[in-house]
Each structure stands twice: as structure tokens, then as C-alpha cells.
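Below, in C-alpha cells: the form predicted alone, a single chain.
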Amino acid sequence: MSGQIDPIVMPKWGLAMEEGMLVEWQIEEGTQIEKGQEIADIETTKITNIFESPTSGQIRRIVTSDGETVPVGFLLAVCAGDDVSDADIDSYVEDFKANFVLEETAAGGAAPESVEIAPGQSIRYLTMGNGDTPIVFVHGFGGGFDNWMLNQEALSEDHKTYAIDLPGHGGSTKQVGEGDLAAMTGTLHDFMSIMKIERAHLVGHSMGGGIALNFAFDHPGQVASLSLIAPVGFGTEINMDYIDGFISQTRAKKLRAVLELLVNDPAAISTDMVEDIIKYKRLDGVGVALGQLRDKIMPEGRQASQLKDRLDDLVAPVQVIWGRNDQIIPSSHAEGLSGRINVQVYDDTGHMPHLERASEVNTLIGDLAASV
């Protein structure tokens, strides 16, 4: 890196992120780092996550200290070789600070939109990127399109992407029809039809994984590949303490204890994330919708749909991604699958691998999409 100075700046994770707190550096000045190396913990209004270096080189200057909150795009550290003087580093940092301008638009101007799929029923979605065969993200129970904040923007560099709010969630209609997997599958099909998505790479998490898989059985010609993250439909067990607690708890302290079941590291759950879910649950129709989904998809505390044994019927390539420490749906449900299905189980990871292991999961999704 002869004479070159590379900045490391506060990343933007999701549309709503305007600033982040650098919780703790994992490296020191003088450390030689590699691109993709875990270098810091960053807390946002949504989640606390590990920050992976966007570059390789020697950390010559740490600019933002532990515990400091700075805007998206602000300088965290500087990488440079030994051939760059300390005076040049000082000058670079001073110039960066003097010329820093706050971002005026989020995620390159992307903003959620809504489309009507039936009279009085709309689906909210976020689209990014360009490409012929898009990636469509389908979230899990109680989630929303912003559950993919660490995935969609990264994968939109090479693909057109859509992340939707399912009925009963986010900014979409609160009417869930029959409230079973078939009804949610029908909604996904209606959305893709109206958006003229003839074929897509489907990425589904938890309940969304079951929806994506069921869609692939019903409409095999419209699925280019299938990435299933801790999906329902692979066994009967599910943690109903989480499901019931998510629906019933309205106080922040008790809801936090429920949400902490989602992740391996409870510190990943931010205060703002808890408050956002409390606000969402106050919306008219949400409680009824979540109750219907629970009673149809998880009646009497067991998963109603068993789809695992039909996987060999699929033509599209399939991969299954899980966290070994998943406290919602056991990772053991991924055992005994056909050899044609790639199975990746991450240690020290809970029910949210796409957030807890975002970089690795993004690579898996991108590689599978590129292989088709």
C-alpha cells in the first residue's frame, strides 16, 4: 500500500441507521489487519454487531474511541503502510474531520414502498440493486423487511433485491387470511406476480423459511435457488415461550428477556429494538394477526407443517443455514438431509445467523445465486 491511506468509517446497517456507538475495539494501533477481520463491536438503534474490516493494512491511527457515538460515514480509524509519515496521517485525519458532511439520504435513496395485492390489502417492501433474477427476502414471525439490514444492501451490489413485510407485520396489511403457511405462501405469490417477478432466489428465515420452501413446492418454475435460515417445517419442536412471550409481553424488561432468546449474545439486543417492537405491537390488528399465525402455524405448541421429507422433490438448489445455539428451533432439525443440500451450522450463533454471521451468510447466499 505504498503511500496510500485507507479510511475505516462508521458503516451503515439498514435504512434507519444514522449513527453508531463504537462499543469496543478488538485491535490496537499498529495491528496488521485483513479485509473481513473482526475489528470492533458497534451498537446501533437496532442491534449490536461485530464490524468486519473493509480493507487490509496496518492500523496507524484509531480516531473514534471505545464508547464514542459518531454519525454514519465518520472516521473510525486509518490504515496505511510504514512509508506514510505520522505527519501525513495527522493531516489526513484533520482534513477528513474538517470536510465531513452528514449523509442526506439513506442507503442511496432507497425507501420502502407499498403495493396493493388485493382491495384494501397492501404489502410494504424495500427494493435495492439491479439484475435479471432478483433475490426476495422473507422474514420470520414478528419480523419485518429491516431484519435483512445487514444482508440486502450487501447483496444488492450484484442483484436486484426485494425485502417484504409479510401480512400482520411492519407496514403491510394486518389481515392474514387463514393465517397458515398456505395463506402466507399465496401472499408471496401475489406480490411476485404484481411486481412481475417471474423467477427469484428466495431467502427465508424461520417462518419465512417455511413460506419460501412451500412456495418452491407450489411454484417450482419460479424459484432459482432457495436459502433457508433456521426454517420452520423441518421438525415439530418450537420454543413457544418465545412465541407466546413475543405476543403477550408489553413491558420493555420482560420483552427484552424474550428477544434475547433470538441470539447467542444477549448484548446484541438494543434498547431501541425493544422499544420498536413494543410500538409495532400497539398497532391495530397486530395482536390478532400474530395470534392467528401462531394458532395455525404452531397449533398446540408444535409446528403444523412438515416439509423436510419433500426436499428431494425440488429441482432448484437448496441450502440450509442454522445457528448451533438456536433457542427457538433446534439446529438438530438440519440433520439427516440429502447430500445434495448444503448445510451450514455456525457455532456460537443463535436463531439469527443472517444478523449474527452476516458476512458469512451473505457469501453463502451470493455464491448459491451465482451458481445457477
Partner chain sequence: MSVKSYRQALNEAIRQEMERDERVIVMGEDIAGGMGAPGEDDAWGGVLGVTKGLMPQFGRERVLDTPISESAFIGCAAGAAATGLRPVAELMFVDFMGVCFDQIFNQAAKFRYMFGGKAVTPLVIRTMYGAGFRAASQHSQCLYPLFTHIPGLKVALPSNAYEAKGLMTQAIRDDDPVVIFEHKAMYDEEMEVPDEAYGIPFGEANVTREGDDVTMVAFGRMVNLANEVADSLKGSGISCTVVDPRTTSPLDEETILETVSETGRLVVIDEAHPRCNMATDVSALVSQEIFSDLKAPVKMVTAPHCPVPFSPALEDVYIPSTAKIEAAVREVVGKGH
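Residue numbers count along the first chain shown, from 1. This is a predicted model, so every value here is computed, not measured.
There is another form of this protein, the form predicted in complex with the partner chain, and it is not shown here; the text below is about that form.
Interface stretch in the predicted complex with the partner chain - options 273-281, 130-138, 148-156, 259-267, non-hydrogen atom within 4.5 Å: Stretch with heavy atoms near the partner: 273-281.
In the predicted complex, does Gly170 have a heavy atom within 4.5 Å of the partner chain? Taking the distances in the predicted complex, the answer for Gly170 is yes, it comes within 4.5 Å of the partner chain.
Since only the chain is shown here, I'm wondering whether Lys174 would be in contact with the partner chain in the predicted complex (any heavy atom pair within 4.5 Å). Looking in the predicted complex, residue contacts with the partner chain include Lys174, since a heavy atom lies within 4.5 Å.
Closest heavy atom of Thr236 to the partner chain in the predicted complex, within 4.5 Å or not? Result no; Thr236 lies far from the partner chain in the predicted complex.
Is there a heavy atom of Thr250 lying 4.5 Å or less from a heavy atom of the partner chain in the predicted complex? Flag for Thr250 set to yes.
Could you tell me which one of His189, Lys254, Lys97, Arg302 places a heavy atom within 4.5 Å of the partner chain in the predicted complex? Answer to the contact question: Lys254.
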